[in-house]
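The chain below stands alone and is given as structure tokens, in the form predicted on its own.
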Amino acid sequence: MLKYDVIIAGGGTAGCACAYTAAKLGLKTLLVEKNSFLGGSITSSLVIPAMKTSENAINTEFFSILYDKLYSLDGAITYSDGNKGWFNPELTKIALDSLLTNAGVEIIFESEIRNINKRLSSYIVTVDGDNLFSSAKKLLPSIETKYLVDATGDAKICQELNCEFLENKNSQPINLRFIMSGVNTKEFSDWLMDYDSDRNVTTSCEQGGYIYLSTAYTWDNDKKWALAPVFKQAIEDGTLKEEDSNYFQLFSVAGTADAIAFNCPRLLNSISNPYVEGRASILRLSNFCKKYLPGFKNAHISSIANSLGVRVSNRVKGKYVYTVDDLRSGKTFKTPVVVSNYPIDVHSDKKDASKLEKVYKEYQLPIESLIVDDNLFVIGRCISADFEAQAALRIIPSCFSMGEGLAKYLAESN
């Protein structure tokens, strides 16, 4: 029987950080990923850039190593606000392959963990997946692991083990991101910076001969959006549907001269088929950009996310349920795995119902919120936290920190 110190289900941001750190600390590590590449939300869902968080964040070594690797590939920049999270999603796939394999992580792609059986101090699992060299399915022999980590995002491992879950009354809308290429970024930047003077919304800078920029608009009335008249006109002339305008945000893509990534469309909770309706909205939004935004005349859709951007899903009840009161009060813990000051970010599919609540104290997430039992752990968006606390903790830097912090804990416990 094959034996490992730790098996991680899910090669997204938290899973990669956990696998890399565990292997570097001497644990025999297996990473099982359902896709043919690593990176999760960054690569599959095109969630770029990673949001900026506290200068006092902990467990950030993997994030820094990934940044340095991507920078060497011309796939990362530090934006003008100091945010190092501007990554190129395609180059992230390559960087993660290199980092994890060189660290000694064994990776099985296009596979999932099945038949999980608990023993006294270990788990026995099988791995079911596609053979990379044929169309046949293969079932690997039983594998034993001392530690099993659920980094699937939807807590699939914990579901199979019938773990206890937290009440899930609330939800946040999903999105389906996309990228347009062929943008004349100088023309767009010149127009945009003149059109919108709000530097809390619209920014631009130049690095390495490339122009990088960001802007946003929502249909909420909580602030005056410079792009509001443009969207109003596009809805009136039938280029956009009103629901297309509920959330619009864009960023340049690191290492490219002409690519813009969109954090939209944000899909309403009432839709029946998010992929079909999401791609239809993407087409309308791309036509809107070409018609109304200078610099987009010759642009085209170059990539649509393989996976939906999911903000909240199942949340496991762990050893400690982290609450929004813990977060707001800045409660400290003996063994924190995350230190952050990112706001409580709750999206809504209804007008004027989203919330972005600033946090006035740095907060800590304890290791106990990642512990399900002595041998089972959870990292990523399905951690043991209430709805509003999870809405602040779900961002990529915090997920990196969770994974790294858990690996250090396991190495010390081994």
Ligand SMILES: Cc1cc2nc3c(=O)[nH]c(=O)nc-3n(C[C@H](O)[C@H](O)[C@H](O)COP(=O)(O)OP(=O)(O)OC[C@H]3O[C@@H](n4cnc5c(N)ncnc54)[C@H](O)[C@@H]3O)c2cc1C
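Bear in mind the structure is a predicted one, so any value in this text is a computation, not a measurement. Start at 1 and count along the sequence shown; that's the residue number.
The same protein also exists as the form predicted together with the named molecule; that form is not shown, yet it is the one meant from here on.
**Q** If we define contact as a non-hydrogen atom of the residue within 4.5 angstroms of the partner, is residue 34 a contact of the named molecule in the model of the complex?
**A** Output for residue 34 is yes: heavy atoms within 4.5 Å of the named molecule.
**Q** With the cut-off set at 4.5 Å between non-hydrogen atoms, does residue 399 touch the named molecule in the model of the complex?
**A** Yes - in the model of the complex, heavy atoms of residue 399 and the named molecule come within 4.5 Å of each other.
**Q** Flag residue 92 as yes or no: does it have a non-hydrogen atom within 4.5 angstroms of any non-hydrogen atom of the named molecule in the model of the complex?
**A** Output for residue 92 is no: heavy atoms all beyond 4.5 Å of the named molecule.
**Q** Heavy atoms within 4.5 Å of the named molecule in the model of the complex: does residue 29 have any?
**A** Although the named molecule is absent here, residue 29 would stay clear of it in the model of the complex, with no heavy atoms inside 4.5 Å.
**Q** Considering the named molecule in the model of the complex, find the one stretch among 233-241, 153-161, 184-192, 282-290 with heavy atoms no farther than 4.5 Å from it.
**A** Looking at the other structure, the answer is 153-161.
**Q** Name the residue from 359, 51, 65, 58 that puts a heavy atom within 4.5 Å of the named molecule in the model of the complex.
**A** Exactly one listed residue reaches within 4.5 Å, namely 51.
**Q** Out of 246, 252, 215, 175, which one falls within 4.5 Å of the named molecule in the model of the complex, going by heavy atoms?
**A** When the named molecule is considered in the model of the complex, the option within 4.5 Å is 175.
**Q** Run the contact test on 39, 47 and 311 with a 4.5 Å heavy atom cut-off to the named molecule in the model of the complex and return yes or no.
**A** All three within 4.5 Å in the model of the complex.
**Q** Taking the named molecule in the model of the complex, which residues along 90-123 bring a heavy atom to within 4.5 Å of it?
**A** Going through 90-123 in order - heavy atoms within 4.5 Å of the named molecule in the model of the complex - the hits are 111, 112.
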